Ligand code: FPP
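First comes one chain, alone, set out as structure tokens in the form predicted on its own.
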């Protein structure tokens, strides 16, 4: 497992989160256990769990067990969403490894995702604050809604941007938002403080997905764990594509975005054109603005190691390579 290095060392807490997740994987089904453990072993920085743990510390030392409970539920929700996301997108590879559905089949992947969501609900039920349970449940609803809310075209610009941000706001940012918001609830924050962390989480979640979409055009296959232009290949319209068309890119970009199962040659040509016109730089400027806005949300909190770590986590979103 890869972990974040911030102003606060969370390695022991994140190891406890992993242990708690593994303990939940005690199904009588050997196949469910194997697929679930395979998913957990695929790595990841545990950024959402880290966000929850750090948010809980902003106002002092929280109840450690309550904070770990929330971080564990967040990781289970995230794992479940990855299985369903890969299944819907028919993605064969994630982080350089076969996805659950490509390894065991679609029916198994569907049940594994459902199983993990159920385990997450069981973990959520242990929260003593009903606000936290409602927050996490609302996050799951938004993730599911966003999975089936596609960006339908690259024009007109305003409608397309609204669709794009609505999709990534649910698919990705919702869980960052839940992690930060519920963490602050554990930490005893008042309504104003909880709202500040909710917005902080949402904005860095949006930035996280924008950077992810940029990497699909700029990173090499070895680093990314999947071929460049994979989103276009799967029919997913992202911010670099939207901006490339708006900036006057050649017709090849729009053709790739609107073609069902475009050829590798068409995708490669579209990727080259998006790079040539520097659409990724424009998208990255949006991510930078979102992170800057998110950091401003923390101004109401006193200086502390937890605050420094949250700022560092936000800035790491912009520096990630995979």
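Predicted, not measured: the structure shown is a model, and the values here were computed from it. Residue numbers count along the first chain shown, from 1.
Form predicted together with the ligand: not shown, discussed below.
K.L.:
Within 4.5 Å of the ligand in the predicted bound form, heavy atoms considered, which of 245, 132, 211, 143?
P.N.:
Exactly one residue meets the criterion: 143.
K.L.:
Taking the ligand in the predicted bound form as the reference, which of 77, 207, 184, 71 has a non-hydrogen atom within 4.5 Å?
P.N.:
Comparing distances to the ligand in the predicted bound form, the residue within 4.5 Å is 77.
K.L.:
I'd like to check something about residue 233: if you look in the predicted bound form, is any of its heavy atoms closer than or equal to 4.5 Å to a heavy atom of the ligand?
P.N.:
Taking the distances in the predicted bound form, the answer for residue 233 is no, it never comes within 4.5 Å of the ligand.
K.L.:
Within 4.5 Å, heavy atoms only: does residue 85 come near the ligand in the predicted bound form?
P.N.:
Yes.
K.L.:
Residue 94 versus the ligand, in the predicted bound form: is there a non-hydrogen atom within 4.5 Å?
P.N.:
Although the ligand is absent here, residue 94 would touch it in the predicted bound form, with heavy atoms inside 4.5 Å.
K.L.:
How about residue 195 - does it come within 4.5 Å of the ligand in the predicted bound form, if we only consider non-hydrogen atoms?
P.N.:
Residue 195 lies outside the contact set for the ligand.
K.L.:
Given a 4.5 Å cut-off on heavy atoms, tell me which of 198 to 206, 122 to 130, 135 to 143, 155 to 163 is the interface stretch with the ligand in the predicted bound form.
P.N.:
Result for this chain: 135 to 143.
K.L.:
Is it true that 217, 250 and 273 each have at least one non-hydrogen atom within 4.5 Å of the ligand in the predicted bound form?
P.N.:
The answer is no: none of the three residues contacts the partner (heavy atom, 4.5 Å cut-off).
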